[in-house]
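Just the one chain here, the form predicted alone, laid out as structure tokens.
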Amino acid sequence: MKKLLTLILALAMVLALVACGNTANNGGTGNNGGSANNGGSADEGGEADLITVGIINNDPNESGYRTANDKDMKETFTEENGYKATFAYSLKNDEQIAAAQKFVQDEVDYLLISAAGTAGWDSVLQDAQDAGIQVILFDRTIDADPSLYVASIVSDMAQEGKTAVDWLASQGLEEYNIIHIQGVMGSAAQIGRTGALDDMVAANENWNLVDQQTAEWNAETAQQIVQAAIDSGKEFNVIYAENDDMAKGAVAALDKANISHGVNGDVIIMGFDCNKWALEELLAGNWNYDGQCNPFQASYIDEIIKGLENGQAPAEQVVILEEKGFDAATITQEDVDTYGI
């Protein structure tokens, strides 16, 4: 009798456990379990539909140009436009190359690069190509085999420099005594804008470099360079600054020393990038020249990527953005409104 009672109790417990198991399974499938699985599938599908891009750029705080360039990229490479974008920033070439290697390891679909320096990119670009990742350069060129990137949307920095130097030559000074303030050494912008001036100085006896130093795009450093030249008694009549922020810093030093500049002033002021505030300085006659550097490349890259996704190779591997120089003697308010960034 005792054995029979024990058997009955054991059977009852088994039946209860089976009932609980069925209830849990039904609840998981019909409610929480179903929702979680469906949500996971939808998320995975959504991620799979996005084109992944790793974007390597210079520090957005580097200059007004770079701020505009970064803003343009962020407004284009959005989930709404079909992208999952990750950004990496540095003014140092080795840090950018390390970021590119990380993007290769992450297996992004596209690698977009505005290089801090022109050299050292071959190895990581080869790794990207081996991984099936398409590389697109923007803003700046690099010294690498063109077969390692699918497209390049860039400014012609050498032409920017030549346009500026040709303008300066047209001013017809008896003697050119120039303070040359350079950008980050080894960058495409620095190489192009420096090269044109160096060539002119080498070819003309009345062109002299009073000082030639890098301020790494920084206004405060440029101000210190010009202040040191003033304090040492150096005579100069031209400041050739490789971006607007450095030109601004140079002018601050002149103002502190009560040295006139701009139209009819003692010192010609030259900058690059065409920030709106810089073009307004031209319009007011405080500066003399500003060279355009177009920061808006994102729409070109978007078009290229969408074409590649549809099996269409770019019509041109290299796209050179059209740019011009502005003279204080001829600039208009319309120019400021149209070209100022």
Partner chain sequence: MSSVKTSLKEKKGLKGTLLGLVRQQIFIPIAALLLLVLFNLIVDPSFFAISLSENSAGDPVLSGYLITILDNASELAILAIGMTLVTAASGGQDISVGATIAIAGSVVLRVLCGTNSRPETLQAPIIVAFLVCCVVAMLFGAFNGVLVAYFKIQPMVATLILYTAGRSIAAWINNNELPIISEPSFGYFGNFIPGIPVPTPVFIAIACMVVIALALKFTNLGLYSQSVGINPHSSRLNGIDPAFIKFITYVILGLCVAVAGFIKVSRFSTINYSVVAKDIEMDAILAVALGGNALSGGKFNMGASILGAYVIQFLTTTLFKFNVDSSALPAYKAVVVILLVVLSAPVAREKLSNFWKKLAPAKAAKEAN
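What you are looking at is a predicted structure, and each value in this text was computed from that prediction instead of being measured. Positions refer to the first chain, counted from 1.
Omitted from view is the form predicted together with the partner chain, to which the following refers.
Residue contact with the partner chain in the predicted bound form: residue 280 places a heavy atom within 4.5 Å of it. When contacts are judged by a 4.5 Å heavy atom cut-off, residue 162 does not count as touching the partner chain in the predicted bound form.
Looking at residue 240, you'd find every heavy atom of it more than 4.5 angstroms from the partner chain in the predicted bound form. Although the partner is absent here, residue 255 sits close enough that one of its heavy atoms falls within 4.5 Å of the partner chain in the predicted bound form. Among the residues 152, 194, 96, 223, the one placing a heavy atom within 4.5 Å of the partner chain in the predicted bound form is 223. Only one of 231, 145, 106, 75 lies close to the partner chain in the predicted bound form, with a heavy atom inside 4.5 Å, and it is 231. Heavy atoms within 4.5 Å of the partner chain in the predicted bound form are found in exactly one of 246 to 254, 195 to 203, 125 to 133, 169 to 177, that being 246 to 254. At a distance of at most 4.5 angstroms from the partner chain in the predicted bound form, all three residues 61, 64 and 213 contribute at least one non-hydrogen atom.
The pair residue 228 and residue 91 is at least 3 angstroms farther apart at the CA level in the predicted bound form than in the present model.
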